[in-house]
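For reference, the chain that follows is the form predicted on its own, supplied as structure tokens.
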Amino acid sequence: MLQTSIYDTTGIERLQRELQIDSRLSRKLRTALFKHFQADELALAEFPATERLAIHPLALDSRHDSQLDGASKLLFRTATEMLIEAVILRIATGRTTLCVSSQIGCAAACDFCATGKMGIAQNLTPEEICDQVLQAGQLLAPESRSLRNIVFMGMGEPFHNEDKLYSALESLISPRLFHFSPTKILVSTVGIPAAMLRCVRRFPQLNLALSLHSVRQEVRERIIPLAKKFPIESLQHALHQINELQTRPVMIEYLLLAGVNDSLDDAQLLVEWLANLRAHVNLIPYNAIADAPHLIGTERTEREAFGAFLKQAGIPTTIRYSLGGDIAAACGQLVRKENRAVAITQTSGFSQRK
């Protein structure tokens, strides 16, 4: 039986006409799911043709709750049997943030990232991206918590899945669906200048984050292979253009690695590079991964000294602290091995069919 995605508003309208369903029932269903995050059974109770609807393209495979803080890592299984991750962050101030994935694996292959070590890069559909939000919201509803912020900082480089990303963003901000404010959504990228500009022009109120990690080109190339294609000067030029399009500052993500990018000389270079830019720096501790034993996170005292230097120079700076340290907080750690096994099996099957 052909099913219509709950996100396909035009398709839902066709279904209404075909089955002569009162449009008020469709609106009530969408409100229950996307704004109140009611459980499926309750939200669908009055809809007369639930078998014609496709609600969840993802299956919740497992949930891992931190015993140290308010983080929960959700592992979802796609229709292709791959696993992806989303992480709920229950911030101590009461805010709840969801970190979502846009791809299975990541072609950016950053040295410090477990996701980039998978050797897999498959795009998620808009429905698969949005279903992470829906299912996380449904898990949070019994806690009397609601999602306040959505950050695209999970698996994948969002701008390597640009069209699907934009479709998902449209659903997230649509009054007919989730109706999130774009000011509560952040897209993080390792730095693809043209795509950054396209995104901001299309969603001017959206928050953008650049995973910078160093303003020395040779260091960026060493830890972010994609930096060879997009040199540091092109990123700086793009940020100036983005500042002209937005009043809000661009978030600068800076992962501190011992002996790589954490000296006070590095801090001074960062201050100079950010001169005349509207930006806010997030200093991030490193979550160690087995595939990069040569990388060591900067000690807390040095991170704080680095942050103090930036603040003294007038750079708005936040020193972040890891959540979920006991549930493999680094993206991709829990799914890499299984995804690679699935990919090998699928490749082998394809070769045999040929």
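Residue numbers here begin at 1 and follow the sequence given. Just so it is clear, the structure is predicted and the values come from calculations on it, not from any experiment.
Below, we turn to the form predicted together with a small molecule, even though it does not appear here.
Though the partner is left out of this view, Gly154 does reach within 4.5 Å of the small molecule in the predicted complex, counting heavy atoms only. Contact check for Gln38: every heavy atom lies farther than 4.5 Å from the small molecule in the predicted complex. None of the heavy atoms of Leu310 is located within 4.5 Å of the small molecule in the predicted complex. Within 4.5 Å of any heavy atom of the small molecule in the predicted complex lies no heavy atom of Phe76. Across the options 286-294, 301-309, 61-69, 38-46, residues that bring heavy atoms within 4.5 Å of the small molecule in the predicted complex belong to 286-294. Here is the short version: of Ile88, Cys130, Met118, Cys113, the single residue with a heavy atom within 4.5 Å of the small molecule in the predicted complex is Cys113. Of the candidates Ser188, Asn161, Gln135, Ser214, Ser188 is the one whose heavy atoms come within 4.5 Å of the small molecule in the predicted complex; the others do not.
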